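One chain follows as structure tokens, the form predicted on its own.
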């Protein structure tokens, strides 16, 4: 008998514009000891399905139809008192954003104690010891000391381990992991997922992995369910789904996932593919970074964030800057962008040493127009009170020297250039999709026709199909406008698609740099090899490795 059985689930939300059906007719089973991955893009209903089975929908959400049976118990009709006991003790969840899931003003050890005490798994006398045991179980080093840490004192990967410890503290039978590695670098992502997978095996848990990363789903699940627009379109064994997807939407997701042997144009649907425009890389260095160093002084010993970093970017060239979180990528790009002053070194841009100009004075420097930045989170980078038109026009008003009518024409030209429909220019950020906000951010960055565009994880929060469109847009813009790119990322497969050369950083230093193809196929550094080995690798297609069941659920 299945541990969890969901039949014809329907969930709706009341909004100002009427009722929105978020989930329709979803039927799923999770067997004992099985890991089911639910995949799909943002808005497909993945998380809503999991919130419904835990009965933690917000006030506007309602389960309109269907059955949710867990271990023979009807969860839909269970009393709230019973559900409060089931949550954490029987069914537990690892939430997407670990920092948001943790109380920022309470020590992490105390938060684990709270869960243990709430479900009667500890007494006041032994709660601290059991909380430390829970932290040790998820491989937190020096757990007794970390017990006293606040969330802001821990790295993203460490916060994720604390959230896992919280979820597993009461030995639940079903674990729900909702995008558990979003925002983590590849090695931390692998460490977290290997840990979760190992704990699932050791404890004989059932699990639901919710993700839009098909590589993770392929590597860590037994079965996969594909959702789109609130409906289940396909489900079956993981190997079969990825090797031989039956539904057109499943095929689109698999095709849009970056992987070895696939070019940037091949990520797009066949009807959207056009010949890649030629790019002629210049012989002259546009940017030369020489022995760039940044040291932060603190109460203890100085922190050497960047140490003697040197590299160059030629005209019309794309250079990828990769490495784990904390390796110095963002600090290096911030110094080049002149948002941060270096401790030592030179930043030669078009022959001028930008490091000689303090960052506080560079904002109004005429050279600022030639250096622009596309931020990692398109939502946070846009002023919520500005329309898309106002956001794109902002740099034109500050540095462009154009009158109102000229700015309006230029904004409309830029919208056409990045493929943003003109009617969307009057919308605010909350009225735009993730891909549309990314286009606004890119249009704003290229408004002043910069020579160098710094891209800080510009596709990290995007679904794979939107990521494919944005990457191809960036490739086309570079060819059309003759820009150079510094692409900061921890996703090596994305970097391979867009970059001509790769610079690998670790601990504030460069460990390796060279042509992208050589770095990806024959790295010289053990560290680079470890980064490549940590990348989840979805099947590349071909014959299914298991007999394909009848699994397409076309509606």
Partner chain sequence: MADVSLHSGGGAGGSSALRHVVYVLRSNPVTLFAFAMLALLVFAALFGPAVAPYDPYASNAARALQPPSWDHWFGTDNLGRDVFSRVLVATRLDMAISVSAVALSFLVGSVLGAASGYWGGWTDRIASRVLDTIMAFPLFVLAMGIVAAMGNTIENVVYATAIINVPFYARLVRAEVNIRRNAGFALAAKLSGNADWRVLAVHIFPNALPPMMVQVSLNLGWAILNAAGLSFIGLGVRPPTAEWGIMVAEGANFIVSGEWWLALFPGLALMLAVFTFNLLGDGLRDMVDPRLRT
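Every value quoted in this text rests on a predicted model; they were computed, and no experiment measured them. Positions refer to the first chain, counted from 1.
Just so you know, the form predicted in complex with the partner chain exists too; it's not on screen, but the next bit is about it.
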{"query": "Proximity to the partner chain in the predicted bound form (heavy atom, within 4.5 Å), stretch among 402 to 410, 249 to 257, 335 to 343, 111 to 119", "finding": "335 to 343"}
{"query": "Partner proximity in the predicted bound form: residue 444 to the partner chain, non-hydrogen atom cutoff 4.5 Å", "finding": "yes"}
{"query": "Contact label in the predicted bound form: residue 129 to the partner chain, heavy atom within 4.5 Å", "finding": "no"}
{"query": "Any non-hydrogen atom of residue 167 within 4.5 angstroms of the partner chain in the predicted bound form", "finding": "no"}
{"query": "Heavy atom of residue 47 within 4.5 Å of the partner chain in the predicted bound form", "finding": "yes"}
{"query": "Contact at 363, 373 and 385 by the partner chain in the predicted bound form, all three, heavy atom at most 4.5 Å", "finding": "yes"}
{"query": "In the predicted bound form, the residue from 394, 244, 324, 229 that sits within 4.5 Å of the partner chain by heavy atoms", "finding": "394"}
{"query": "Heavy atom within 4.5 Å of the partner chain in the predicted bound form - the one residue of 77, 284, 430, 124 that qualifies", "finding": "430"}
